[in-house]
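Following this are structure 1 and structure 2, which are two forms of one protein chain, each written alone as structure tokens.
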Structure 1
Amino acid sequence: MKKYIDLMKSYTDKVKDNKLAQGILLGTYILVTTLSLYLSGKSVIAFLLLLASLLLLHFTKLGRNTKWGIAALVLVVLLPLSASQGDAYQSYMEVGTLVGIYVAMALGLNIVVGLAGLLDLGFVAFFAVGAYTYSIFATPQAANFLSFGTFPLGGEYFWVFILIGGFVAAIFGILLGIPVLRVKGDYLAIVTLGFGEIIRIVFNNLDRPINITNGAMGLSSITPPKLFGLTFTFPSQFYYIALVILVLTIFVVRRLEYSKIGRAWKAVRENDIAAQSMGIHLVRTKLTAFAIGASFSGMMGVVFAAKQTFVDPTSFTLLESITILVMVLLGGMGSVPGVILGAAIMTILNMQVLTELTNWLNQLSLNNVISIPDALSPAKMQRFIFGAILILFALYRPQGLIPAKNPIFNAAKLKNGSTPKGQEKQKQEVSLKKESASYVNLDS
């Protein structure tokens, strides 16, 4: 037994440093899981195993471009193609669309909470702002307060409203940020929680004296998107919209993370007094975090409204804000891969795994295979199981599933660069002057 364990350990060590072996094993795994889902027609396990290939891809030592290429192949081609052979195709794509929506929202909240250290419990308000921004104009509702134009607008305007929804949500993010600049910790959480509830209540009561949101009845029959004459009505079509916006969100967040503003967010998170003493403008830095984070949520709110074709205030409760915050905490605050994993796990658990488990146990109970007391029925215990799983994650992975890591630079390589020392020193001095000119404002 010990000999077998040592053999496996030596094999694992060899694969760990061999990119070719990792690529072959990963390719084989993707091929097997794709064929399993394709041939089975409906298999939740095969679907989840295929998605797990993206997690394995993250831990390989393949090049960045290679990873992006393999991920694109799995998400754009293999997953939709293999899932399309069964009756559960649209349900799989529905899960994939919701994963994309929640991952983008969690990445937006990660900017506010994970990078800038500003605890926000009302983040779903920006999601609601984006959803209602499109819904009001994509239904006849806008005709109640606008005397010009023809409503509802056509589905071609959906693509413009993605940008408009993000912009309007960013404005609301700034409006939230201005009054809470001097509030920290628990008080910040209370203020943002109140902001989220205020937005929901306003939408719930904005049906008088002028009917703008139709109040608690919500807005229905929202115009679906159109592109080149094609109407987007099925989850398999919205899947690609959510995927494109998600890729854009990941690209922007990764670029911002190690940029000048990203380093300023981290400095404010660690100690805002020390950050201010180093010349970081606290007002601008915090408002930028609120605005950028809110914009991603607003864009996905537009997609959500178009996909559901119905929105009402009950879709934007405090529970949704807590759920998005838990996604960030579960994955690892400040970690982009961790937040993606945390949001994906929570969405899949909620939307598919626990639902399928509940249906399976109910079927066994109906067939008298097992007897389940009414108090312990799967439908009632679903939220309990979900909470228990989160508690286990929190106990054994308190820093998150994939904790944030700072980049490690090779000091010797930086010192022995190809640029002559004189020119390098001159460039550094110019860079320092630019940064000092940009940040030397101590007003907050």
Structure 2
Amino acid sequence: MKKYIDLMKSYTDKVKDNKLAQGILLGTYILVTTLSLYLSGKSVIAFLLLLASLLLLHFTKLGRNTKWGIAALVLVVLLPLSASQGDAYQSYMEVGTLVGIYVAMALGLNIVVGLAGLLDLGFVAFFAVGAYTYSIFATPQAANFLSFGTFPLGGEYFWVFILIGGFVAAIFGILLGIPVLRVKGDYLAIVTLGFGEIIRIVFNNLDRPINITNGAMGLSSITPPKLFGLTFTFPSQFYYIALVILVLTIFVVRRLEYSKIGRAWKAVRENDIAAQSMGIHLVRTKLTAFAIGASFSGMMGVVFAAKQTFVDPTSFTLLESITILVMVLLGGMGSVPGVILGAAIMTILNMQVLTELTNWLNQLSLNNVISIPDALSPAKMQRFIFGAILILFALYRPQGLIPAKNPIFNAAKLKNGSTPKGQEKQKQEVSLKKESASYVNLDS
């Protein structure tokens, strides 16, 4: 028996270190899940299992470029292709698009909460700002207060508006951040909480004196994006837009995280007084985090509005803000892979699992197997579930599912110094050191 276990262990150890074995196993896994999704046409399980291959991919020892290549293959080709066979194609792609949108937003919030350590509880407000920025101009609405131009704008403008939406959201972030971040970090939580509600109230009432947002009625028939004559209307098309923005987001977040800005965020999070003494401008650093996080949310707001072709204030409630916070905490604050995982889990939970579960329970009740009161149907229990996740993770696993990792530096590389400036300094240093050694020796 023991021998058998040892044998197993040696096998798993081998797989742990062997790239080839990992590659083959992962390849097989992807092949099987792709095929089962392809053949079954409509299987939530197969869909989720295929997505899970990305998680496996994360844990393999494969090279970075290989990983990106495989991920691209799965997301760009395999997933859409294999899902396209069944009648649930669009609904899968809808889920895929929403996962993309939420992952990008969660990455934005991760900068604020995870890296800079600022609690933003009204994050969805920036999403709303982005969504309305596009919607107002992509419907006849803008003509109500602008005397020039013809509205709605054409779908070609969508691409510019992704940037504009992000920019406007960032401005809002800064305007809100200035009074708060200047004062006290923990007031931020409550002010953003209020701000989230306020933005909703304002959008809800900004149909007079000038009709800007069309109030509670919302804005409908938003112009869909257009590129080279192609109009984007189906989720299977938006999926690619979301994917591209997401990839760019991940790239930018990664860059920032391991730069002087990312380090300044972490320093402020860890100890703001020491950070200031190191020459870090506290308010500016916090504002940068706040604005960049907001801009991600704003950009995805534009995509969301174009995808739904309709926005109204009810899409931007506190529950949404908390959902994004749950994504970050669940996945791991400050951890990019973690936050991606957290966002994917929560979106799928929200979109599919809870509704499926509710349908299933309703079915059971109909068949008199068990009877669950309507009040307890899982789809209604979001607040309870999210609240519980927040408490449990904060108490027992604050680092999340995939904890943030510090970068590992290679001492040998740093020692040799690749930049000329570094080398020069080093030489100088060595000579100085010798002198000083003798000084100390003489003295003691």
Partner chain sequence: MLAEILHTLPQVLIDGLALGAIYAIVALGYTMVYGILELINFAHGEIFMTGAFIGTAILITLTGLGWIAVMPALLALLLVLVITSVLTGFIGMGIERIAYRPLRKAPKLITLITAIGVSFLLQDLVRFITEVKRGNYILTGPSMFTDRVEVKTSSVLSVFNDASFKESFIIVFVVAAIMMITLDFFINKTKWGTAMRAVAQDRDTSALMGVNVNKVIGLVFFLGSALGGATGVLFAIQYGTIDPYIGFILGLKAFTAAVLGGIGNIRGAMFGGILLGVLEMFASANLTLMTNGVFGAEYKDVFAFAILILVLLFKPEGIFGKVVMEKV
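Being a predicted model, the structure only gives us computed values, none of them experimental. C-alpha atoms forming the largest set that superposes within 1.5 Å between two forms make up the rigid core. Reference numbering: structure 1, starting with residue 1.
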* Is the form predicted alone structure 1 or structure 2? -> 1
* Asked: With both forms fit on the core, is the shift of the CA atom of residue 386 between the two structures 2 Å or larger?
  -> yes
* Asked: Taking the rigid core as the frame, does residue 368 move its C-alpha by 2 Å or more between the two structures?
  -> yes
* Does residue 63 move its CA by 2 angstroms or more between the two structures when the core is aligned? -> no
* Structure fact -> With the core held fixed, residue 398 moves its Cα between the two structures by a number of Å equal to 3.8
